[in-house]
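Form predicted on its own, single chain, as structure tokens, below.
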């Protein structure tokens, strides 16, 4: 059965995610700061709205995936935001990687207005979004989760309710911490192979099937070797994520030296003008050392 749903944020990830919902037959209302990014969806039947407020007034379920926590605040709060204009009983679903405490604040405000909010950040990159096989980490109450689950299943294939509001964001921090140190290892392995006079492509055939295997090794190392640093996920957004993770780790008195080193190196990469590379762009720093 089709349902009128809203989608805000049509970037590298959001455009594909929204497209899957539209292809599934749902009546999709969209908003993005740059209207041109919505052109393909509009041509395929999506309805444009001029503000988040209009999305909230027309849709009982609204998905958002924007860039930074401050963007989340702009979309959700204020007279033109989602919260002040949401329908009674609506569910607001923020799929941005953002601060756990902000997710809790949004959920509390939604509840005051007779609705619900879920935090549901994703992992899988541009390819996962395009192929509808994202991992979706969800925080919020079970009833709202069950209501939105059929829509999550259109966008991903590993959907887990982690706990109350903010839990999805905490889980995503675990994900980003694991990726951060792993990406260092992938870059160093490729750099070592080259320095040792090996063919890195041949090395990959051996190590990606053994104990060293990882998503980053199989998906990002080939891009590094091809000199393909196009973004599936921007360096600037990964720096944002790692910064949130570092702050959150401090809040729970956790020392995270691997995360701290990766954050330092990615900031250096950004300072060199590569903040719009994909995360595999970290390999540029190792190339400079060759």
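The model shown is predicted, which means the values in this text are computed figures rather than measured ones. Positions refer to the first chain, counted from 1.
One more form of this protein should be noted, the form predicted together with a small molecule, which is absent from this view; the next part is about it.
- Although the partner is absent here, residue 9 is a contact residue: one of its heavy atoms lies within 4.5 angstroms of the small molecule in the predicted bound form.
- Though the partner is left out of this view, residue 122 does reach within 4.5 Å of the small molecule in the predicted bound form, counting heavy atoms only.
- Contact between residue 222 and the small molecule in the predicted bound form is not found at the 4.5 Å heavy atom cutoff.
- Using a 4.5 angstroms threshold between heavy atoms, residue 233 counts as touching the small molecule in the predicted bound form.
- Candidate site formed by 99, 180 and 246: none of these residues places a non-hydrogen atom within 4.5 angstroms of the small molecule in the predicted bound form.
- The stretch among 39 to 47, 257 to 265, 22 to 30, 65 to 73 whose residues place heavy atoms within 4.5 Å of the small molecule in the predicted bound form is 65 to 73.
- Between the options 126, 153, 208, 80, the residue in contact with the small molecule in the predicted bound form by a heavy atom within 4.5 angstroms is 126.
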